[in-house]
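First, one chain by itself in structure tokens, the form predicted alone.
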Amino acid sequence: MYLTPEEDKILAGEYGEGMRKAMEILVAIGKIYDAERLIPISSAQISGVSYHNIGDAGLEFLRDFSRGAKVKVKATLNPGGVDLGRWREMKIDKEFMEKQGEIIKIFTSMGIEPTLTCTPYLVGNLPSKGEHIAWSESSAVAYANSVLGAYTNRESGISALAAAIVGKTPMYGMHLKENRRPGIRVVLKTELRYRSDYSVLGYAIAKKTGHSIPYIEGVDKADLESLKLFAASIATYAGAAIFHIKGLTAEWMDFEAPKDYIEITKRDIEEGYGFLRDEFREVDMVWIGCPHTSLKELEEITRLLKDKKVATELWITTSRQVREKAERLGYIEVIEKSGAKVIIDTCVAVAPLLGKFQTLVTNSAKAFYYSRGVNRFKVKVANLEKCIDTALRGVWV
């Protein structure tokens, strides 16, 4: 891999140990993927934040790696493992809370914004079409590549951090236009009525196409919230870093539709819901916010909960910035008066909740995957209205 004279100096340690270690990581990755060179990035989004995921070994790595290291580009953080202000309500122990707080302080000391969200595009990290970035959260990567038209691979937390410190990333994968080309045409033959249908669609496409980049026809409209759920689902079940939707996404006109195609019918969506619904009736928790809820979703939840009381735990996860806007608009007061909790800086997928709950209802296929796999919950996926109705009843009907 070609390095400029300045990059050679960074690798030799002339710009400090933090920069040297970061460059060493990028060069190693570049060699693995046969990258021609490094390219400048405009932003980074860094995962590997939850103490539940990285543990003491990860914390020690960050302590060592952060010495003398500062980011050169805008950099934001993925969710951690707990809302530091509500750790008792989340049934999290004090030691976990304190170590999570230290992790956030370490990242902040390097100049990274402690946004603690999987939706950086909702809190000011909003790249333009054609910008090269280094993002690591799977749903954010799929959304950035597809909806925004930015260029990013699905980085690890460490490689995204290294890229933020150097301000560059190896040029391979999704940074090359030819690798963004669709491999299969998906023809939608049914109406999508609810946002959760878009989440189920991601699962249904993955089941039929595997890891091929889809070019999707037949989606007439989709708001940000629907695309957010779809990106999370197809990234989870197909490992997709990019998708194209005719008439909607950033690069759909840049490529010809593939000749090979599959159809997604009403039956596929129904079978998807069937797979994404475990058997249970009593509900311990309803969770909305995977990916993090937008201001629009919080307004809708406010309307559904106004003057009502929940009969089970209802957790709504969002970013600190979005919660503050919702608070000024009066949404949080109404939501929490119902007994629900609007939780920031974390999500159920990266919080240590194993054994604390048994059953969960959500509107996200990604939440199904991680709640089942990480916390071993039984899970059902439903639309937002059904989720809120279930929280009010305390049972699935």
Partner chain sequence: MEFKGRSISKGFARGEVLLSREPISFYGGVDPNTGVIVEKGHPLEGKSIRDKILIFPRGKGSTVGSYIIYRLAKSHMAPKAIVNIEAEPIVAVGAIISGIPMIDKVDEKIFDLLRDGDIVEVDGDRGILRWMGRG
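Here the structure is a predicted model, which is why all the values come from computation and not from measurement. Positions refer to the first chain, counted from 1.
A second form of this protein, the form predicted in complex with the partner chain, is not displayed here; the remarks below concern that form.
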{"property": "Touches the partner chain in the predicted bound form: Lys31 (any heavy atom, 4.5 Å)", "result": "yes"}
{"property": "4.5 Å heavy atom contact, Ser42 to the partner chain in the predicted bound form", "result": "no"}
{"property": "4.5 angstroms heavy atom contact with the partner chain in the predicted bound form for Ile54", "result": "yes"}
{"property": "Any non-hydrogen atom of Lys386 within 4.5 angstroms of the partner chain in the predicted bound form", "result": "no"}
{"property": "The single option of Ile158, Ile92, Ala206, Met110 touching the partner chain in the predicted bound form, heavy atom within 4.5 Å", "result": "Ile158"}
{"property": "Whether Lys70, Glu102 and Ile106 all lie within 4.5 angstroms of the partner chain in the predicted bound form by heavy atom", "result": "no"}
{"property": "Interface stretch in the predicted bound form with the partner chain - options 327 to 335, 58 to 66, 340 to 348, 358 to 366, non-hydrogen atom within 4.5 Å", "result": "58 to 66"}
{"property": "Residues in 6 to 23 with any heavy atom within 4.5 Å of the partner chain in the predicted bound form", "result": "Lys21"}
